[in-house]
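What follows is one chain in structure tokens, specifically the form predicted on its own.
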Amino acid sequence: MTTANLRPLTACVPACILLAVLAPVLAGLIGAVLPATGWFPPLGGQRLSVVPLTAFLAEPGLARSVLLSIFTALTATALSYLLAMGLLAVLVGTGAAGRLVRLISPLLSVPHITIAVGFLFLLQPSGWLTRLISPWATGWDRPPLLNLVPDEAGWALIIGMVAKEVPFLLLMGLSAASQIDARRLLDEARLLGRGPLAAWALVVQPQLGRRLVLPVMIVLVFSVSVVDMALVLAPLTPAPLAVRILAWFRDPDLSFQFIAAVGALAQIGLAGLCCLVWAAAAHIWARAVRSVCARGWRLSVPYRMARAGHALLLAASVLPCLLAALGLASSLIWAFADIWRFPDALPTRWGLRGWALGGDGLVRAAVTSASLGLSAAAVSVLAALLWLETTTTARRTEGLMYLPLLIPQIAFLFGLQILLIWLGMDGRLVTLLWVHVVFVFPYVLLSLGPSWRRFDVRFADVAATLGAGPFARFWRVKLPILLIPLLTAFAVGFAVSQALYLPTIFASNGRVATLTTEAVTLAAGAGRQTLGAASALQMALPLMVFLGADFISRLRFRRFSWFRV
């Protein structure tokens, strides 16, 4: 088949991928809007009505739920952004940046619920942190009566989200800093008499901020609608709005489905409001920076004060990640603890009691998670390759691919689930795989796209002069050179699939259990040993995939070690 014969086929590929990603989102939004108006015959709603809206507004504690969602989302996103910017300001251009990224990168592969469980094991009154300082420093020989996790203001949830999002924004920031040559900008600003932090805040950060709009908005929308972490770390009386929507949806009384539909639309409005607040704050900051530059202020500080500021910034940025690492270590200890009484710092008897109690349920959940994650990552990588190879001139539509990440999951998954039940497609593995791909594909595209588009076409041109056809150039030249970003995108896709909670709950209608859904269930009241075993499996699966990807790339790349991608 010639290139001319393939042209109509390649023209259809982007449209098919776009339809496969956006159709569930649009169908889900329609499925949420109709019940919110009162008209939805499958649920018994026969006419348009404002009753769902009035019932939603009459729910007790609604205002506090909304304010709690806004406060935790904006605070967590702002802290994550500021700490990531602080780390970048201190580390860009130094060798320490690479070492720190390697240290905190494992936090990226761990699901959100695993981080939340780790914080629970670490910070609750009988947690590992209290055990480490008791009784020699506190005098406590019993767990103190303190309301630490979850707390009423949601600070535990905020710290948990910061620990998870700082590594993500840091990696995105490093990639963006390489695009604007931040090192050269810093040197030029210092030549004009500005200090290191002032040079970063006034010269580099404004340019970096424009390139980080999409990652920050993804973090903000996720934070305002997070459910799995909130079920563990946020207060439940009342809970954040997204948690209450899930509770209304699960209520056996069908009238609550209409209230949940109104709540889903309110969640979209809440996400939009948070984005507007963020955009307004960014606009004010930009005007302040322009004003400072126009007045010629240097904002220089004494050398010792600057060094102290660097140390303080570094400590504040690393602290949430350090707490998360201690929490994960605590989960691992609980996974192999048979007897661990308070206030002992370590178990008095080690064993596999938690694994025995989890039994076949954990094994089945692990097998399902692994097979689902591998399948979703493979399909997403294949779709990303097709998209990147066929959309060299159609990149304007690529922004639509990130729509599933910019709309709160609970908002359209609720409607999608109703639609799947109506069509008789809920609970099927194929449906679950499709919904996972909808969320995995944007991350794979975000990871693979920049490397793929920077490919030096001269390698393919040389192969063409030697008689290689289009397929041979792709298979024997391009793929081997881009093997590392390809395997990295696959591992990222697997990790994203492991972390999906709401998509699994809604698409499977509760019939398919993964490690994430099991961990949320176990966190509600199971033994710590079993919960620790589930968390250990959640850490192990993505780690194995990342190590496997690294092993394959090292093994394969020995033949192409002269290439630098």
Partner chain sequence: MTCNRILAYRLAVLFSLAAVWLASFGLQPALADEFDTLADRARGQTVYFNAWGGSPTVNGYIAWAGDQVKARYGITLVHVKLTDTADAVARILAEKTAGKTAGGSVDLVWVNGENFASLKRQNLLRDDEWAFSLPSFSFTDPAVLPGLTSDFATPTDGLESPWGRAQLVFGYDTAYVPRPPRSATALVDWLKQDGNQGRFTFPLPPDFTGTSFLKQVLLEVSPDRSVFDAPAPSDKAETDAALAPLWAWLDDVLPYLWREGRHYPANYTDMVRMLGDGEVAIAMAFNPSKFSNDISAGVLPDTVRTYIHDGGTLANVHFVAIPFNANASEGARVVADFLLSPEAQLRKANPDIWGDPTVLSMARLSADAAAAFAALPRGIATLSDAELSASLAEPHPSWVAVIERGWAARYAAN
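Residue numbers count along the first chain shown, from 1. If you're wondering where the values come from, they're calculated on a predicted model, not measured in any experiment.
This protein has a second form, the form predicted in complex with the partner chain, left out of what is shown; the following refers to that one.
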* Triplet T75, Q179 and G548 all within 4.5 Å of the partner chain in the model of the complex via a heavy atom -> no
* Listed residue that, although the partner chain is not shown, lies within 4.5 Å of it in the model of the complex (heavy atoms), from M305, L146, L403, A288 -> L146
* To do: With the partner chain left out of view, choose which of R190, H310, R210, R250 has a non-hydrogen atom within 4.5 angstroms of it in the model of the complex.
  => R250
* **P215, heavy atom within 4.5 angstroms of the partner chain in the model of the complex** => no
* Asked: With a 4.5 Å heavy atom cut-off, would you call L48 a contact of the partner chain in the model of the complex?
  -> no
* **Any non-hydrogen atom of E398 within 4.5 angstroms of the partner chain in the model of the complex** => no
* Asked: Closest heavy atom of R298 to the partner chain in the model of the complex, within 4.5 Å or not?
  -> no
* Which among 55 to 63, 492 to 500, 532 to 540, 22 to 30 is in contact with the partner chain in the model of the complex, heavy atoms within 4.5 angstroms? -> 55 to 63
* Heavy atoms within 4.5 Å of the partner chain in the model of the complex is the criterion; list the residues of 420 to 446 that meet it. => I421, W422, D426
